[in-house]
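Take a look at this single chain, the form predicted on its own, given in structure tokens.
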């Protein structure tokens, strides 16, 4: 059975830089407060009405495709991970397909909704497709445009200051090289605290939608469409919510656990890792996990200081940056890990 290798990698971030000082004009916060709690100095925002999640993903994808030495027409399956799709539906997978001009019906497109863990989940799914021989050139994209859906008032600052826009992409191919490719992945979830890091409305669960009795429904059924109502807007219900302390506490527990799990699976220890790329949720979380693993600074890649949390895009962006900087070399053991909304978390070991 072949293994799955990363044959090409690329990333794209919008040109517009938004600093902590820029955010201070819209909410009661300070550069010191943001850096102390998250490590973030600046992030990138997409051009409104010009850039979307799928268009950012397409720019990263084109780079990955070129570096893999193939053309868009060679892609035989698309996996797109995001929590900020262009539309409620359809998903970004088919929009990316259209953007790349590969709308022939022989390929499929799968959308991954695992938020911060989306890339790790997508990588694991792609790995199984490649190992089974079903696909030869899988395009996996993680992309986000958070800036269009954040609360820029003081009410929303705890969440808003964390997030940025960007995209990363990889081309995954089979390899018969026993010393290369994805070695193992482990995925987990626990929905107990699902609402503690979530975007609740609009959603089909809600009793806050407008009643509609035009079709003979009893008003007590609270029948309504998936749209924003005045109450949702006034009460800030259509913005993300997060229990930061709970997320931090859970993340610093689950990160080391799942990393140990993939290392044990392959008979490795943290000392064997050549480069660790954590999901860029919070620099303090990454530093805690780094210390727990006993890894020196030169074995960890963080870029949240410049890009913020780009959710499903953080790992492929960071991996691509590290590769471009010469920090990822053939034969290196790479560990990636993520934790996020759901809660979902996972890790993969890759022999480059």
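Positions refer to the first chain, counted from 1. For clarity, every value in this text was computed on a predicted model and none was experimentally measured.
Omitted from view is the form predicted in complex with a small molecule, to which the following refers.
- The listed set 171, 281, 126, 275 contains one residue whose heavy atoms approach the small molecule in the predicted complex to within 4.5 Å, identified as 281.
- Of the candidates 239, 268, 135, 163, 163 is the one whose heavy atoms come within 4.5 Å of the small molecule in the predicted complex; the others do not.
- Using a 4.5 Å cutoff between non-hydrogen atoms, residue 158 counts as a contact of the small molecule in the predicted complex.
- At a distance threshold of 4.5 angstroms between non-hydrogen atoms, residue 309 is in contact with the small molecule in the predicted complex.
- Contact check for residue 11: no non-hydrogen atom falls within 4.5 Å of the small molecule in the predicted complex.
- At least one heavy atom of residue 116 is located within 4.5 Å of the small molecule in the predicted complex.
- Within 4.5 Å of the small molecule in the predicted complex, a heavy atom is found for none of 182, 262 and 352.
- Only one of 229-237, 86-94, 244-252, 99-107 places residue heavy atoms within 4.5 angstroms of the small molecule in the predicted complex, namely 244-252.
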